[in-house]
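Have a look below at one chain only, the form predicted alone, in structure tokens format.
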């Protein structure tokens, strides 16, 4: 296998995935915020809330269009760069993606059109329903994609078929309700809600700093503060649940994230700071808090959190067992009626993927040496340094968002945003941070799964297509150029409409809208 083709294919998918994920969180967050704002408009009848929905809806539409453009190219790569992966697990992996397109994307895309062009054709309640369906479609889209991704992390409900030489579905219910997929979904969606809230909070803070659109900005910040605080708290709680799922199903990822080389007596201590050394297979230094890791990871005082060295030892055993499955499979290919081979394969087929790790070192893996088995076992360890610091920066940002939105909530309750310009500046400069946290989260999730494209089933280097280095390099350069153009266009449009503000876009004075006479009940809801 050409390592350069593998590396370029991985780089291309990583770039497109990380770029696409710039748009996904904001789409998720803004869609729900639009529902909240329009619900207030329906209850109060105050036109300023409709203006808010329309304005933030324009920025949502720009982001949605960019997300669609970047998401489509990602799916094409499964056929161009990852053909064997698609062949090997396509019966399982392709189903959630197909449902996402038919059920979620078409739903979302249809109602997006009605959202923009239905204001004068639909009643208030009908248009609120449309906006709600846009939000539901966005979340459904994330659900099915994360079901597919969660299966890559924890491949349940499927089994290897030696006749077809492919993975096939045995329990679709298990695929859908995969514990890892559900934990990833709620955590990822909550992170998207934080992103949307930060987007609204930061731009509204900028308006107040400039003394523009005061009524519009204060109301927008009020919604963002409440929604953002609830979302930030959810991210931490649901992130803990996602980590617990990793404890159960991805022990090596957890050990790498925590830079835990040796298994500690339970409950394990937590490395607050450390500098992992992959060559020496130890930490150059570490600052450890007793018990914390064991309590968080296992939710008990008696269960172990296995260290990297012990997990590598287990991997060596699995490689050897996988070789038995591989030899049995070769015998079955020569004689499909070999009952002894069938029995052998049934016992050890769950370890077949570990034997395939040896194909990085030789084609006749039946003759692998102990040294090669040792190398294959250590290949199951992802880059500890990258995971350790990516995770901690992400978590640190998560707690920062709780503090920031907590302050925003208090200032909102006191109607004191404009009296604390330091906070307005803090909110404005914090704008990019949710994207930083989200991208780090994807690095932890995807990089932490290496060397597997399907955890324990298919090594990443075996999933690539039979293409040349030149072909992958050419497409990689093409994607970089294309995405750079899209990035420039997106930033230009977002900045343009944000700087113009609601008055310029809507052709109204939003401060005047705020002074409209309304019934007493509407005023109570407004405040």
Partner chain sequence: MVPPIDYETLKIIWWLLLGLLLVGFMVTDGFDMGAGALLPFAGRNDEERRLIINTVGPVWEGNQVWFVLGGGAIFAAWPPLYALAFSGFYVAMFLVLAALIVRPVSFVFRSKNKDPRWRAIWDGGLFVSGIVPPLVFGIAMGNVLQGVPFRLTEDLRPVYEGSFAGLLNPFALLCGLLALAMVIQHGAAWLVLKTEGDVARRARHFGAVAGVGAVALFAICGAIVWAGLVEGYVIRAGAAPGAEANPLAKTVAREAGAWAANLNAAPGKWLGPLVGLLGLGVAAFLLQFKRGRLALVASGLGIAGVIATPGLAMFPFILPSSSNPSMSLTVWDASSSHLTLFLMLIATLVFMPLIIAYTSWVYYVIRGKVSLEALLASRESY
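Residue numbers count along the first chain shown, from 1. As the structure is a computational prediction, the values presented were derived from the model and not from experiment.
Beyond the structure shown, there is the form predicted in complex with its partner chain, which is absent from this document and is the topic of what follows.
- Partner contacts here mean any heavy atom within 4.5 Å of its partner chain in the predicted bound form, and among 117-125, 447-455, 285-293, 306-314 they occur only in 117-125.
- Contact check at 4.5 Å (heavy atoms) against its partner chain in the predicted bound form: none of 154, 234 and 400 pass.
- By the criterion of a heavy atom within 4.5 Å, residue 44 is excluded from the residues contacting its partner chain in the predicted bound form.
- Interface membership of residue 416, defined by any non-hydrogen atom within 4.5 Å of its partner chain in the predicted bound form, is ruled out.
- Under a 4.5 angstroms non-hydrogen atom cutoff, its partner chain in the predicted bound form has residue 76 among its neighbouring residues.
- Shown alone here, residue 423 lies farther than 4.5 Å from its partner chain in the predicted bound form, counting heavy atoms only.
- Among 337, 301, 436, 102, the residue placing a heavy atom within 4.5 Å of its partner chain in the predicted bound form is 102.
- A single residue from the set 244, 275, 106, 361 has any heavy atom within 4.5 angstroms of its partner chain in the predicted bound form; that residue is 106.
- Interface residues of 80-116, taken as those with a heavy atom within 4.5 Å of its partner chain in the predicted bound form (partner not displayed): 80, 81, 83, 84, 85, 86, 87, 90, 91, 93, 94, 95, 97, 98, 99, 101, 102, 103, 105, 106, 107, 109, 110, 111, 112, 113, 114, 116, in sequence order.
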